[in-house]
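Only one chain comes next, encoded as structure tokens, the form predicted alone.
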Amino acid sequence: MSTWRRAALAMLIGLCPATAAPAFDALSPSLPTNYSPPDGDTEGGLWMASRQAEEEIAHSPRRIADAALETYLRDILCRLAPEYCSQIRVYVVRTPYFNASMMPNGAMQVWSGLLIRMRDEAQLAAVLGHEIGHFLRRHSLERARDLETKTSLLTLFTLGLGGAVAAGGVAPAVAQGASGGAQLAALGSLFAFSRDHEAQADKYGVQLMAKAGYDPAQAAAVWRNLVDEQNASGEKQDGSSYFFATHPDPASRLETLGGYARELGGQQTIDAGQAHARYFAAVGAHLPGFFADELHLSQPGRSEHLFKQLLDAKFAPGVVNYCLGEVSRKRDGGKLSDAALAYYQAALGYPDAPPEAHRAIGLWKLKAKQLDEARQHFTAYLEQAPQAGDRDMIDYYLGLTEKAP
């Protein structure tokens, strides 16, 4: 099977829009523990393709091979579904979009764009729990069998939908932040789970996170944050938007998830402060790179809203203030505006401020002919980033600061 066909299958296996669901039923996994399907049938074929796709993800240059981060994510998965812990592997893929998916053989990929949209471990557990719901209910097998009754998988895989990349399950244009969103939406609508599957996964995931001791209200919080971000982007919440093309009415889902949380309330045993600290410790080292990927998408409305949400959550305030300064600067056509300066200066009030905040302020001060202050910030930048690739340019600017009139 070709790379892009395996990627298309991975989309079938893992892409998961969501929907509202009726009242609760009991947890009832259909996947036996330590299960392996027989060769030759539909499920055996799904597992074979999953193993091939997993191998490519494991060796992809986009994989973030951070053993500590992968272990942290796997520990959450094992807390949610301890009986299936031995069957679970997790891979982090550097792609600046919100997505996680779990293959029928127990391999999960988590995209970096998802990690910067979680406020704490409980919200992450809500998303991972939803994916485990698909896994334990064997929804990919039901979906494959349903497709087989309508047309052959081979026919589906040979549709000209843009040649997705197995490492991320997304068309190259999407990975580059270009116009590939329409291609991804087309794949999503073709391979998405049914509404019943999504209802089960939502229901299952919330129960799993509550049983594990997480606050079930955080499941609705994840969706609310995404809806607010979408509104800030100016995109419509309908089929014209990739995100909402593969999701039903967000208001009904918020209502349903909120009802689940009220029904399951009082089960929280995991300390929220400790969970937040664990989450930040796991992802903190990667945040500057993840945030830079978000900025490169050139979606100022969406990015500004996201970074302000993170700032309100006291999440990496030094880096986030710097990123808000970059959003302001880009929105103003690259000009070093007063609004951008205020964010850069605020960044320096926190220990996680990136050295680039000093560089940005130095450029603003140089333009304003405040040469002493410009020199101080340029010097601080080079002291904190001695291997900076733009050192020669900064040395030149430092020379200009010595030529005071």
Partner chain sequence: MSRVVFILALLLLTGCEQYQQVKSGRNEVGSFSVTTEAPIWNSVPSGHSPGSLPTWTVDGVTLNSLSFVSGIKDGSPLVTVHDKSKYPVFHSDMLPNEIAELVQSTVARLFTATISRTGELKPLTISGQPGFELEFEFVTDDEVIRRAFVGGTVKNGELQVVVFQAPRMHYFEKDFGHARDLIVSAKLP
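Nothing here was measured: the structure is a model prediction, and the numbers come from that model. Residue numbers count along the first chain shown, from 1.
The same protein also exists as the form predicted in complex with the partner chain; that form is not shown, yet it is the one meant from here on.
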For this session: Examine A385 and determine whether its closest non-hydrogen atom to the partner chain in the predicted bound form is within 4.5 angstroms.
Result: no
Problem set entry | Partner proximity in the predicted bound form: S60 to the partner chain, non-hydrogen atom cutoff 4.5 Å | yes
Exercise. Is there a non-hydrogen atom of K308 within 4.5 angstroms of a non-hydrogen atom of the partner chain in the predicted bound form?
Worked result: no
Exercise. Within a 4.5 Å heavy atom cut-off, is K330 in contact with the partner chain in the predicted bound form?
Worked result: yes
Exercise. Of the listed stretches (73 to 81, 293 to 301, 313 to 321, 118 to 126), which one has a non-hydrogen atom within 4.5 Å of the partner chain in the predicted bound form?
Worked result: 293 to 301
For this session: Kindly confirm or deny that R94, K335 and K367 each have some heavy atom within 4.5 angstroms of the partner chain in the predicted bound form.
Result: yes
Exercise. Which residue among E131, D215, E326, E229 has a heavy atom within 4.5 angstroms of the partner chain in the predicted bound form?
Worked result: E326
Problem set entry | Stretch 382 to 400: residues contacting the partner chain in the predicted bound form, 4.5 Å heavy atom cut-off | G389, D390, D392, M393, I394, Y396, Y397
